[in-house]
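Here you get one chain, nothing else, as structure tokens; it is the form predicted on its own.
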């Protein structure tokens, strides 16, 4: 494998507590040395060296998205593992965790291995998340030990909640025994039938049935009760795409009570509200739906005060013809891999003055910790050679038509971003370059 040297970059590695200009040496998929500029000792005699001049740029651990939909197997017309991971690399991500709502559902060791095979053409590392129940039907749990052995890093029925108390209790207990996290799509679908957006004045104005915030928070509160009753310190509940103030409040209290409960928030839930739907724009339709300004502000508060463990995109690509229908008939979801960093730098760091290290931690070290991805989310010596190099001052306009994803369903088309990715390095290989 080639040797990569990053010279004169400002290394911001919150996991290792480093915030300084450094030279970094990658070799054989590992970080082998970090030193002051011009002081690398282990480079002498190295051949086939690729040198990157990062003067004036930020060097950070490769970003990790713990919630993406890559659509394969079965839905390659929307996205493929190759195209989705190309979009990830362009956005600075070096690892993505793929949800199981594929066709067929990823509820087996065979599909889990298939997703990771070199034939898929992945540009970055793919960590499959397997279905918690057979076919994601919420009835019978899968063989978690076999799924973990095949490479699954967590279980979930994302897109479908586990509604039965007995099944969710069994899921938490069985996953704890083998060391897997349980990720819950918190939506009481008994309360959301026929709903296509958030319940509130905007839904009334548009004549659409709305989803109550209680449909989310009720499931979160139920799951926290179950994990409390389980009394197993190994049990880990992770709340996906949290969008309501009440759900965040429940997570905050669970943490105060010493429970292993974590959560993620997507950029669209801390930047947009249901008012953005405007005239039935389906690029603003997702599940959970865009919420009220009060809920959005609660997401921002939870990010700033540390309750939120990770920022995850919920990258959900769809074909254009699927979105170009009536709002109620359109599928839920938007793309997000190519815009997450630019949005976080502009709004969290730029507007809200959140320290850059904390923003990057939410996109790297903390997601790695949530899923137990050892050796990732940091550039400490000995860790995986995953890095993103970006210009923190560069402003750019996102154009969906120019993106790497096959899908163009985004509410952020034409938005001005800050923080332009120059290089993405995954496992010692440069997988994305943008010299401009």
Partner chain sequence: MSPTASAARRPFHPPQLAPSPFPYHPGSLLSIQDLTLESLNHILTRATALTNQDPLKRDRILAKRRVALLFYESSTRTRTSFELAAKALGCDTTLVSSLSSSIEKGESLKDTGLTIRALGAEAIILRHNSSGAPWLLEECTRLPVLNAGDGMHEHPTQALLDLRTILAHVRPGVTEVNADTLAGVTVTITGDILHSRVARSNMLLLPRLGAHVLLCGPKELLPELAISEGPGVSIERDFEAALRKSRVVMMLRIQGERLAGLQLDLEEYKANYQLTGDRLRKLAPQAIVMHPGPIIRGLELTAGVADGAQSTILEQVSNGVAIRMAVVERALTAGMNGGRA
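Numbering follows the first chain given and starts at 1. All of these numbers come straight from a predicted model, not from anything done at the bench.
The same protein also has a form predicted together with the partner chain, omitted here; what follows describes it.
Among 230, 206, 178, 149, the residue placing a heavy atom within 4.5 Å of the partner chain in the predicted complex is 206. Comment: the partner chain is not present in this chain, but in the predicted complex one of 201, 258, 104, 121 has a heavy atom within 4.5 Å of it, namely 201. Residue contact check for residue 351: one or more of its heavy atoms lie within 4.5 Å of the partner chain in the predicted complex. Contact annotation: residue 328 falls within 4.5 Å of the partner chain in the predicted complex, judged by heavy atom distances. In the predicted complex, none of the heavy atoms of residue 182 sits within 4.5 Å of a heavy atom of the partner chain. In the predicted complex, residue 297 approaches the partner chain with a heavy atom inside 4.5 Å. For the three marked residues, 276, 324 and 347, a heavy atom of each sits within 4.5 Å of the partner chain in the predicted complex. None of 104-112, 170-178, 67-75, 265-273 except one has non-hydrogen atoms within 4.5 angstroms of the partner chain in the predicted complex; the exception is 265-273. Along 407-421, a single residue, 415, places a heavy atom within 4.5 Å of the partner chain in the predicted complex.
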